[in-house]
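The chain below stands alone and is given as structure tokens, in the form predicted alone.
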């Protein structure tokens, strides 16, 4: 039994090393794409993959389908935006405040929400998004319905702003991507990872084992994504960041790629973001509807045919190839003299 376990472990590590080898090529992307529209697409892929991975911790690994992550995303975005627009400073203090506030809000709203399970939990998170959405729309201190438009300040890492190049934004998105994916990879192999799986298998059982399901969340990661989103778009308003539309993107990207897997959010983002950006670039206003229609059809097909997402398809293909090889070996053995 032990040799088999070692073999499986080595196989898993080999796959992880292959993924890391692919990541080592990402820093070279600016040399290829420069400041083109393709660079913009790659930045959004990294950002949305990071956002989806942050949701994947709760929705994929823990099995608690939440539609409320855009609240934490919005708090991070408004933290950075207010630091620059309202107070005329650098975004970094605002990012820190946004992360802390997002974590605090997560603790407050998790207590009642995690008393629920299944569709009741999902409905509660829907309601929370609507509450924050309406509150932010009428809150003048954070810009209300008008939002916050960034002023032109000195470009550079200090202000997290660049005008003539996207290279700085790209490397910031890459660092964010590596931080979140590295955190999830670390969680997978440690005690906290087993806690997450325990919550997915049964919240009541997990709590009986001493697992505090209300602590199984990392809203701070989502807030970091929101802060970068605000800096990249140079604007913050409520429909952009605190909305059911944004929450659904967290969910759908992860489901398409494969919920509860490390690579799933990246695969989902690699499909949705180019589909969204290139259709809008080629067809203008019409593209805003075409990409959603195509993506909706993909989600329906995936849910019906392969609930495991794109990762599930890869595994099914791998099993089919292995089965054929074993069948071929069996036939050759039977036909041997």
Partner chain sequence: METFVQVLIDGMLNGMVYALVAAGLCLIWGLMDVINFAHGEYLMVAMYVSYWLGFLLNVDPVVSVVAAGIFIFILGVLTYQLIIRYTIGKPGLVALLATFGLAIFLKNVCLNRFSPNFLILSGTWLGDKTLNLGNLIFSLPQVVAAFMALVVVGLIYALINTTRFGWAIQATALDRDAAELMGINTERIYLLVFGISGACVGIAGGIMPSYLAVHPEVGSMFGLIAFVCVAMGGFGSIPGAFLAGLLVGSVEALAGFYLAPVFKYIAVFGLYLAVVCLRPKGIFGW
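Residue numbers count along the first chain shown, from 1. This structure is a prediction, so every number in the text was calculated from the model and none was measured.
What comes next is about the form predicted together with its partner chain, which does not appear here.
Q) Can you pick the stretch from 98 to 106, 81 to 89, 152 to 160, 241 to 249 whose heavy atoms fall within 4.5 Å of its partner chain in the model of the complex? A) Looking at the partner contacts, the answer comes out as 241 to 249.
Q: State yes only if every one of 317, 319 and 325 has a non-hydrogen atom within 4.5 Å of its partner chain in the model of the complex; otherwise state no.
A: No: no residue has a heavy atom within 4.5 Å of the partner.
Q.
Even though the partner isn't displayed, in the model of the complex is residue 165 close enough to its partner chain, meaning a heavy atom within 4.5 Å?
A. Taking the distances in the model of the complex, the answer for residue 165 is no, it never comes within 4.5 Å of its partner chain.
Q) Should residue 120 be classed as touching its partner chain in the model of the complex when contacts are defined as heavy atoms within 4.5 Å? A) Yes, residue 120 sits close enough to its partner chain in the model of the complex that at least one of its heavy atoms falls within 4.5 Å.
Q.
Just checking whether residue 186 would be counted as a contact of its partner chain in the model of the complex - the rule being heavy atoms within 4.5 angstroms.
A. Although its partner chain is absent here, residue 186 would stay clear of it in the model of the complex, with no heavy atoms inside 4.5 Å.
Q) Do residue 61 and its partner chain share at least one heavy atom pair within 4.5 Å in the model of the complex? A) Close contact is absent here: in the model of the complex, residue 61 is far from its partner chain, nothing within 4.5 Å, heavy atoms only.
Q) Considering its partner chain in the model of the complex, which of 311, 65, 45, 26 comes within 4.5 Å of it through any heavy atom? A) Selected residue: 65.
Q) Across 110 to 131, which residues bring a heavy atom to within 4.5 Å of its partner chain in the model of the complex? A) The stretch touches the partner through 112, 115, 116, 117, 119, 120, 123, 124, 126, 127, 128, 130, 131.
Q: Say whether the C-alpha atoms of residue 304 and residue 275 sit closer together or farther apart in the model of the complex than in the form shown here, given that their separation changes by 3 Å or more.
A: Those two alpha carbons end up closer in the model of the complex.
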